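First come two forms of one protein chain, each written alone as structure tokens, so that there is a structure 1 and a structure 2.
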Structure 1
């Protein structure tokens, strides 16, 4: 090996080390809304460095395909970032997870075909990593698209429970294992495509039985899978950067999944095996209740808030849909001018993705020290005069504590029902994404303010100014 070649390899590896450091720093800064944007920028720079180092560090015979791919991908990414609403961000993440898994599977497929066509002896460790990349990538691809379909309403959000589904899944797992062993012992495209086809089917069968309310957890897990598939592809290609980046995504996705399963009182094993959600025979009915509720108008809500000493805002998916974060901050500032204590209660899975509410409120310049997570805020509700729930549903439902038959039973919730008074802003009496009615609606202390959240908050703000 010439001195020039050694120098070239060293420069590439140094670039990979620099990119790895930037990835790690970027992930670290994503842990706080105050530094998240900077973390995104660092990670983007890291990816650019990694891509450039990989391209310049290899003998490229056809630049047209690479430049064309970069151009197309950049255009799609830029348009997606600008056009996709925050309420649809989970769907976008699901799609990107699926494409990430697909990319890993396609690369591994190409490498296997190249090795077979060249007549090379394929080492067993390479065969195993190729199969790992294709299997995990295939499950990620179809599973992510089913998750996207459920969130987008293209696929029924209720669990679709197939007859003897566990038997089918076990049979497919055994068949996939046999095909993998076959490939390792005697490499052939037949065994490879059998295992890949089974992986695609399993991605569908694992996600279909999961209820729509649990899709954010599924997306976090599939994000982890896409990283694992990428790391496996890194081993196939002998690319250290891909191994590191894939491992970071896989580990962070798994940690996020664990946080979310804890917040929703779910079992990680059940998530991974596609067995959680409502049980067999339960359809998660979303019919509206006919029990009486107390309804108020904006002027009544304004009076309650103006004469309170402490207020906690509880944002949810309804706030995101209405894009009411700026109006809520304006109302909050007005209340603080009157000497009223204001805080925000953020449930880990409020909205449709972790950090959804934090990002929206940070966009409206809500002070970070006013954003309190579940553990910080829950003991304060009983000392709070008014809790204002804006579009949050399942995460405030007292049935999670009391109704063992409920699909959300055992899920940690915000103790909104312990506040002295509750203002619940909703468009209608419809149930949350879990498909169960919120018992908070029917408490004597709860006042329902029906209508668009943005419009309702604007009306309340105008009334408070006159008091």
Structure 2
């Protein structure tokens, strides 16, 4: 190796270390909303350093195709980042996860073909990591696309259960293992494509049985996979920076997955086996529906709110669907002008991805310090005059605390039932995702306000103005 080459490699590696450090610092600054934007910039600088170091440190000969890839990818990325509505953020993250997985899989394919073409013997550690990369990448790709389809309503959101799906999955896993061993013993593209194809099929089969409201868990998990796929690519190419950056993303996704499953009081296995939220009609919900509820109109709700001293809004997925975040902020501004204390209670699984509600409300200009987590707000409900539930359901069901027979028993909930009175905005009496009736509806203190959330909030605001 010439001195010049050694110098080249060292400079490139030093740049990679710098990039790794910048990625870690960037994520660290995401620890507070005040520094988060700066942190995101640090991460993007890290990416630029990494790319420039790669380009200058290697003899890259063929530029035409690469430039095409950079150009097309940047345009698609920039347009989707600008156009996407905040309500559709889960879909965007899902599909980006898929692209990340796809990239890892395609790299592994390209590397294998390059190695076979070069005619040299492929070391076993390289063939193992190539397989790992294509398998994780493949599962991430199709799994993410199904998750995207469910979120976008292109694939039915209810759990789709194949009769012998566990047998199929296990058979596929065994076949994939055999193909991997085959490739390691005798590298061939056939074994590789068999394993890759199975990985693609598994991604579909794993996500298809999972219901719509479990998507936060699935997206967080696939986020983690896309990081792991990146780290696997790092193993293939013997590149430590790729391993570090990939692991950071992998860890992030795993932590979010754990937070989500904990907030639903379910294990990851329970979510992944799917089928939750399938109605079996066995717990006599027909009888329960005839129990009386009190329903009110917008003008009554306006009076309740205008004469309260403290109000807590409890937003859920229904708020996102109705796109009512701006109207809610307008109403809360009006109430604050009257000297009423207004807060927002955010359950960890409200919405379709972790932190979804916070972004929607931030978009509507609600200051982040008014948004309270479960632990922060739960003791305040008893001192609150009116709790307004907008499109949330299961996360407010007191049965989770009181009824040990309920499927959601033990799930951490917002103690909305402890407020002096409750306004429940809903489109109908339908039960939530868990398929359980919400006991909250039938309390004396609860007033149901039926209709589209955006519409109802607008009417209340108009009424409050007139008071």
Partner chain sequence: MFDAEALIIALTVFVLAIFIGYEVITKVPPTLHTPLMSGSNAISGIVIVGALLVAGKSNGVTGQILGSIAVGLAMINVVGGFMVTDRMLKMFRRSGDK
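Rigid core (definition): largest C-alpha set, two forms, superposition within 1.5 Å. Given the structure is predicted, the values throughout are model-derived calculations rather than measurements. Numbering follows the first chain given and starts at 1.
- Remark: structure 2 matches the stated condition (the form predicted together with its partner chain).
- After superposition on the rigid core, displacement of the C-alpha of residue 391 between structures 1 and 2 amounts to 2 Å or more.
- Remark: with the core as the superposition reference, the CA shift of residue 296 between structures 1 and 2 reaches 2 Å or more.
- Annotation: Cα of residue 125 displaced by less than 2 Å between structures 1 and 2, core superposition.
- Structural comparison between structures 1 and 2 after rigid-core fitting shows the C-alpha of residue 341 displaced 3.3 Å.
- Here the rigid core is superposed, and residue 457 then shows its C-alpha moved by 4.7 angstrom between structures 1 and 2.
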